[in-house]
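To begin, one chain is listed below as structure tokens, in the form predicted on its own.
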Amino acid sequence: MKITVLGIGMMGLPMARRLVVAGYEVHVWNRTPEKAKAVEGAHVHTSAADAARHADLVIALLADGEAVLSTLTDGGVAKAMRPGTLWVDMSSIRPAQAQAHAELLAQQNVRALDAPVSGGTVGAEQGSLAIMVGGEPADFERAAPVLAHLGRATWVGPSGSGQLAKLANQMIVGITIGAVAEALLLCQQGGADMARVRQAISGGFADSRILQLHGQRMIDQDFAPRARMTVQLKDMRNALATAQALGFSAPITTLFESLYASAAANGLADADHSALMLELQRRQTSPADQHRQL
């Protein structure tokens, strides 16, 4: 099977490398060609259309829905893919965009799945990503052997459902990061040791991967980007846009969208999303400040 990977970034690079190691003939393209050259053993192309032209399965890992549509249309990928090619969009975009792209590709007799992932760069490197897939069950079965090299894939429903599941994931991640950060800051403000608080509540009902991984980053003040603040903000906004289209009220996500937006505006746009802690910390005032305000 010939596989094309469009988008060799923080996630695309380790995923493409895993497919090369698995023995597939891998073709790659990236807007910045030098990044594509980092996939040893892959065929590097200077245009997305050329990379997709002879593929049996094309994986997209692009910035957003607009970038995906531009690559399909302006980049010539939709017309370059042969009838019967399977398009697997692993970007995080809006469900409505995934559905529109699938309809566009159907006109070219190209099958489509939306298959966003969760697990970050560590999951991409280890092949342990959670992969949420929307589309036709038969297309999922066809893609499953490839996706198995990247993580655990689960079919969740028709076109757009994978993106809905990813929005649910990102809502839970973004909100839980805020809960962990606020709780640890409260403990610190009261004189407790944040590291020991995290240790004390581990294994209880409040335990989670967010507490373990992001909580440790907060304690270490290690905000090097694994998942950028701007990406988390994009996902929260996509969730709200989807909620509005469905007539669904999402007050908690609305609150956290404003917090991530404020963090990005206050110099944390390129930091890890766990740096929301710094935004919450910035909002605190000392007892002296509070007295002066009175």
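Just so you know, these numbers come straight off a predicted model, no measurement behind them. The first residue of the sequence shown is number 1, and the count goes up from there.
The following text describes the form predicted together with a further copy of the same chain, which does not appear among the structures shown.
**Q** Specify the contacting stretch among 170-178, 104-112, 83-91, 70-78, defined as having any heavy atom within 4.5 Å of a further copy of the same chain in the predicted complex.
**A** Result for this chain: 170-178.
**Q** Can you pick the one in Ala261, Val231, Ala243, Val44 that has a heavy atom within 4.5 Å of a further copy of the same chain in the predicted complex?
**A** Contact residue from the list: Ala243.
**Q** Can you work out which of Leu280, Met10, Ala271, Ala22 has a heavy atom no more than 4.5 Å from a further copy of the same chain in the predicted complex?
**A** Selected option: Leu280.
**Q** Thinking of Cys187, Ala200 and Asp207 as the candidate spot, does a further copy of the same chain come within 4.5 Å of a heavy atom on all of them in the predicted complex?
**A** The answer is yes: all three residues contact the partner (heavy atom, 4.5 Å cut-off).
**Q** Whether Ala224 contacts a further copy of the same chain in the predicted complex should be assessed with a 4.5 Å heavy atom distance threshold; does it?
**A** No, Ala224 stays farther than 4.5 Å from a further copy of the same chain in the predicted complex.
**Q** So in the predicted complex, does Ala51 come within 4.5 Å of a further copy of the same chain, heavy atom to heavy atom?
**A** Output for Ala51 is no: heavy atoms all beyond 4.5 Å of a further copy of the same chain.
**Q** Can any non-hydrogen atom of Glu182 be found within 4.5 angstroms of a further copy of the same chain in the predicted complex?
**A** So Glu182 counts as contacting a further copy of the same chain.
**Q** Even though a further copy of the same chain is not shown here, does Ala144 get within 4.5 Å of it in the predicted complex, heavy atoms only?
**A** No, Ala144 is distant from the partner.
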